[in-house]
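For reference, the chain that follows is the form predicted alone, supplied as structure tokens.
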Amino acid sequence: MSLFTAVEMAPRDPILGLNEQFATDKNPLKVNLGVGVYFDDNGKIPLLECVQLAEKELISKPTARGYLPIDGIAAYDSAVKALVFGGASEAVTSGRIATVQTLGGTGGLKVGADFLKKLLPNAGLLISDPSWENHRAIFTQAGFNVGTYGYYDAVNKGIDFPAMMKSLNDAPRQTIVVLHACCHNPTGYDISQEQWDQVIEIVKNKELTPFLDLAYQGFGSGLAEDGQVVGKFIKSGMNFFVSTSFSKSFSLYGERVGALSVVCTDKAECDRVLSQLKIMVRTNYSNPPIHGGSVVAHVLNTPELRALWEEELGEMRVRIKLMRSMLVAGLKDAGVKANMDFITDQIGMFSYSGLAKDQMVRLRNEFGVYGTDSGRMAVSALNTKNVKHVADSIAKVMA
């Protein structure tokens, strides 16, 4: 008998599995709105000019490729702190934020999950309903019993904030709460700054453990605006976690550039926490890779390249908003009677379309338009050449 006789076939990843189906689709009009990737108007992943310039400068001064420190490139970690928390933030200048370079935002979540399981072995954990599918998987694999807090209001196409507050209020002390800092994935709906104040108050009063996922900073309203909630948590005086990703904002998906930051009470506590985070990294992948982190650090620490990056990031943000408007207009032109303006109320790379599973299946099978069964679509993959086909196809499955 084989050692693996009892091994079951795992279900396909709900998003990456769509890519496999999309790749074999023969429809010449096929559109992949499943994966969370930004494409330009030509349907290509852009190579940002700031990245190209940074790479040229780095190549002009070649260095040996030895192992990095466990926590990554020092200049990178410092740049992450300055970007996420503000360089002049007391939490940064006092040295009470522990930051490690990770394998993308997913790696940041995983390192944080492993540390929290060691720190709070009996704690429960809540993610939003719905949330990014991998949130549940990451924390489940780390050993947590993952529950949900109320978030999406399917009937009114928005946020069920009372349900969210009730879930948090009912959560036991030290429950870990995974919060989308901006550009909620998958719904595209963010709570307001006033609502964040209420969330922070209840999280603090109930002694919950906040874990912010900041994967889309700059894709919503701007770098400062999208990171505003981090400042609110700093002011609250709580300890909290922040996972950061540069996959989208630098268009460096395959480089796996991310970070985990833990806000501590003082520097001595920070040093102890960092020592434990290093153990998590060491026993997972030993130390991070060089190239992607070097590029991001060089851009963030070079004023001219930093300015160029912000300009390019702004162009991506504006184009996504344009695609939302064009999709809504296209749906109206295609004869959709329902009010679809909520699509332009959403923010970031994704839209919760409100379509049911059977409609999403029809979109794939009959029209080559790929989104998840939940109705989530990546509007960042729309362009002026495919948006009419997408709108017309949606109209047909809604008829």
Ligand code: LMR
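This structure is a prediction, so every number in the text was calculated from the model and none was measured. From 1 onward, residues are counted along the sequence shown.
Although not depicted, the form predicted in complex with the ligand is the subject of the following passage.
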Counting only heavy atoms and a 4.5 Å cutoff, which of 333-341, 58-66, 363-371, 28-36 contacts the ligand in the predicted complex?
-> 28-36
The single option of K248, R324, H184, K110 touching the ligand in the predicted complex, heavy atom within 4.5 Å = K248
Between the options Y149, F139, F115, Y216, which residue brings a heavy atom to within 4.5 Å of the ligand in the predicted complex?
-> Y216
Any of the heavy atoms of F350 lying within 4.5 Å of the ligand in the predicted complex?
-> yes
The ligand contact at I15 in the predicted complex, heavy atom, 4.5 Å | yes
Interface membership of F211, the ligand in the predicted complex, 4.5 Å heavy atom rule = no
The ligand contact in the predicted complex: W132, any heavy atom under 4.5 Å | yes
Within 43-78, which residues come within 4.5 Å of the ligand in the predicted complex, counting heavy atoms only?
-> none
